[in-house]
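Read the single chain below, which is given as structure tokens and is the form predicted on its own.
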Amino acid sequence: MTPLHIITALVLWIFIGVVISHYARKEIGITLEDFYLANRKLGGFVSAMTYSATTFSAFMMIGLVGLVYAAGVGAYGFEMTYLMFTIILLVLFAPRFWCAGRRFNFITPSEMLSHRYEDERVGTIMAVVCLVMLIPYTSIQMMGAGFLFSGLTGGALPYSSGVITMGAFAGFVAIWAGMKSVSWTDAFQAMTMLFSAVILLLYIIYVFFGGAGNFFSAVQTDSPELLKMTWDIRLFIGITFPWAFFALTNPQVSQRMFVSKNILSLKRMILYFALFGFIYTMITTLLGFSAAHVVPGLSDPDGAMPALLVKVPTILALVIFVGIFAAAASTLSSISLTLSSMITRDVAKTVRKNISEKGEVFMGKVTILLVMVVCALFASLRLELIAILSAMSSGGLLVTAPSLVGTFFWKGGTAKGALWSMAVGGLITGVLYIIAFIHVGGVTWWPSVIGFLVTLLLFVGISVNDEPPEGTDGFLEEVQAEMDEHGF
């Protein structure tokens, strides 16, 4: 595949994205709710697609395919565990987030914590934890584009060109019209991701294997080790456990619990996401198995998808390339937008309280640019497997889980408990991951689990020896009243 093919396909696809963003901008106002939450008026389909596109990033078609290629069926178990827990968490928390957001006009999940625990520092520390822990995961999207540019053109387009192109497009979408732009382009990108993956899988099964029956026979015959659960149980727990709480602890997706226009849209978001997630996970898993047969012996598992695309017709490879680029771009735009809202809303505004809404939006746009620059620098390091980096980020964000659960399900949770558990737990988790890199040469199972246990013990231990905020009962009663009003 020549650089001209890549550039032409991207120009056409980016043009469509720019047009969608342009029309999204026409309907956007100037308030924070307009920019960061699309004025809380997204329908069920668009809500589901922006949730899906934000969740299923370059990790799936690059990272999960590579993980299946290297580790087999254990990778499928890891991803399906995540999907099941995500659906459960959405059923439990999405109605509460949505009702709390409507009743108190929350823009960010961290702002909700500040209100619930009656201490702005709680929201600030959560925002800082999210910023630090999401940089690797955000950078993964740029890394995915870099691997594709380099792999599909045999190095004619350098890795850095993919990183820069991805950052420029994703930043433009987020800055141009905020959540409305991101959600509309996400809907287009999600469908691109899904249909391109289906087409590729069907092509490979019938061209390289001669049919579905032969495909499964070949996998059983040629790669029987991939069908065995060879993962060490500690590794499986260590990678899977943080992802199980992804829907709650990752702010770019939990913020999307605020955006649905009504209860029906919220329910449809959960249903459509569940269907999308199951289908997309099955497809990417099967592509990983097929890659083990079609392009065996790769030293870098993350190169499995680029190597596979070299074997298919150029036009199909370009369609898949655009689909993967779309997945990464949607996640990158969403995370940068969410991080900018948290930094301006929960960090900057605690210092400069009299800043106007217009000023906050401007500051958010500047923050998006800064996030893109930092992520591009991190992506240039090209660290570890993409799937492992993703799990590391979720492992760090796991320290916010006790405080988030306590927001709705434990009246005894206090500001001191939330503040110190996130601060100390996040520091310990980060240090343990750094030690693992230095002394083990990779990521082991224990940093996320130990970090979570320390966080949980601190949150409970400090809270039971402290007085809960005076407004706790009032907050929970108002959320429940909102839920009763809307039939939950």
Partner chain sequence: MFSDDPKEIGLLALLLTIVNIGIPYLLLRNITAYWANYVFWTVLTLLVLIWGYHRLKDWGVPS
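Numbering follows the first chain given and starts at 1. As the structure is a computational prediction, the values presented were derived from the model and not from experiment.
Missing here is the form predicted together with its partner chain; even so, the following discussion is about that form.
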item	value
Complete contact of Ala187, Leu202 and Lys365 with its partner chain in the predicted bound form (any heavy atom, 4.5 Å)	no
Which of 395 to 403, 372 to 380, 89 to 97, 320 to 328 lines the interface with its partner chain in the predicted bound form (heavy atom within 4.5 Å)	89 to 97
Distance check, Thr81 to its partner chain in the predicted bound form, heavy atom within 4.5 Å	yes
4.5 Å heavy atom contact, Val219 to its partner chain in the predicted bound form	yes
In the predicted bound form, Lys228 touching its partner chain (heavy atom, 4.5 Å)	yes
Proximity of Gly77 to its partner chain in the predicted bound form, heavy atoms at 4.5 Å	yes
Candidate from Phe172, Phe289, Tyr280, Phe147 lying within 4.5 Å of its partner chain in the predicted bound form - any heavy atom	Phe289
Among the candidates Ala156, Ala274, Leu298, Val310, the residue which, in the predicted bound form, approaches its partner chain to within 4.5 Å (heavy atoms)	Ala274
